[in-house]
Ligand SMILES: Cc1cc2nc3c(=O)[nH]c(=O)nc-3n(C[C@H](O)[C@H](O)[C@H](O)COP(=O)(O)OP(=O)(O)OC[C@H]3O[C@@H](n4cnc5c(N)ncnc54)[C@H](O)[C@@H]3O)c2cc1C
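First, one chain by itself: the form predicted on its own, in structure tokens.
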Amino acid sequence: MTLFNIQENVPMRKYLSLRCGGNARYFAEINNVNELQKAQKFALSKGIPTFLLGQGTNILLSDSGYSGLILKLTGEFKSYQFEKKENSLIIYAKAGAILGSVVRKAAKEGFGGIHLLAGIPGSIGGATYMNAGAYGSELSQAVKQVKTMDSQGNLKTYSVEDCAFDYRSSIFQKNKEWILETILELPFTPEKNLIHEIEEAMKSRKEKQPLEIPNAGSAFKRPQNGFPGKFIEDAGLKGFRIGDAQVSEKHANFIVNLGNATSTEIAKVFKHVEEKVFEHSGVQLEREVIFLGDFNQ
């Protein structure tokens, strides 16, 4: 293909934190809004679905791959800018910017609020889409506006109220618009040692979570009446394994790839955990990881 850099039948494993899954029928790295609009027109002309990939940290792609166009944001989409106010910092962060880099740099300049999200691996766009959170903070606490593009290439702007943020959810999961930029406002917090707090949180993550093994972050959302890891552990599933797909022995709400797990094996572990937890406690776990492609084969 010669339309900027669209490629065919591209292996996606290296783009996904679980290091498994099949090929994208079409794949392109996108540098700016103009290219994104052209890619959307290409997909519409082919009658194929599209998926906007952030850092690939919460995606399970089927072994049969994705029959449409996967787009990876790079170039201008990796950038962010700071604008200092009297007692706050405005951040204009493009969707491909790395969440941890943005909040850590802001913390070094004394602006907190969401600094404990620094350990979440992922992009600003993905964090906005999921309303990422940790240690009692959520990205939505700092959001002022979100800029998007719809399926016809039209550009839109959402106020924080319009985003319908909730626990690990936003309106963008329903309207399927692509997040282009998130504008954040962080308070000046000179009384806190923000970097020390970040380092302590990172230390806690490394001690409690299997960060050294390929994973997609928290496997399940938190139910109203407890924690998914506790429900999974109480059902006797810590360490449960199919092939190289395993419920982490370190933290039961992580499903890891021990080396050569297939996406099918990982999906089977998810399904088994959901069934057994429901049998044991009556709790229906809801997946936080996004399943992309066909898992019905």
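Don't overthink the numbering: it's just position in the shown sequence, from 1. All figures in this text were calculated on a predicted structure; none of them were measured in a lab.
Keep in mind the form predicted in complex with the named molecule is missing from the figure; the text below concerns it.
- When the named molecule is considered in the predicted complex, V103 lies well away from it, no heavy atom lying within 4.5 Å.
- For the chain shown alone, R205 is a contact residue for the named molecule in the predicted complex, at least one non-hydrogen atom being within 4.5 angstroms.
- The named molecule in the predicted complex comes within 4.5 Å of no heavy atom belonging to S263.
- None of the heavy atoms of I171 is located within 4.5 Å of the named molecule in the predicted complex.
- Between 213-221, 189-197, 154-162, 104-112, the stretch whose residues reach within 4.5 angstroms of the named molecule in the predicted complex through a non-hydrogen atom is 213-221.
- Among I59, I30, I232, A245, the residue placing a heavy atom within 4.5 Å of the named molecule in the predicted complex is I59.
- Although the named molecule is omitted here, in the predicted complex all of L73, A132 and E177 have a heavy atom within 4.5 Å of it.
- Looking at 16-45, the one residue that comes within 4.5 Å of the named molecule in the predicted complex, counting any heavy atom, is S17.
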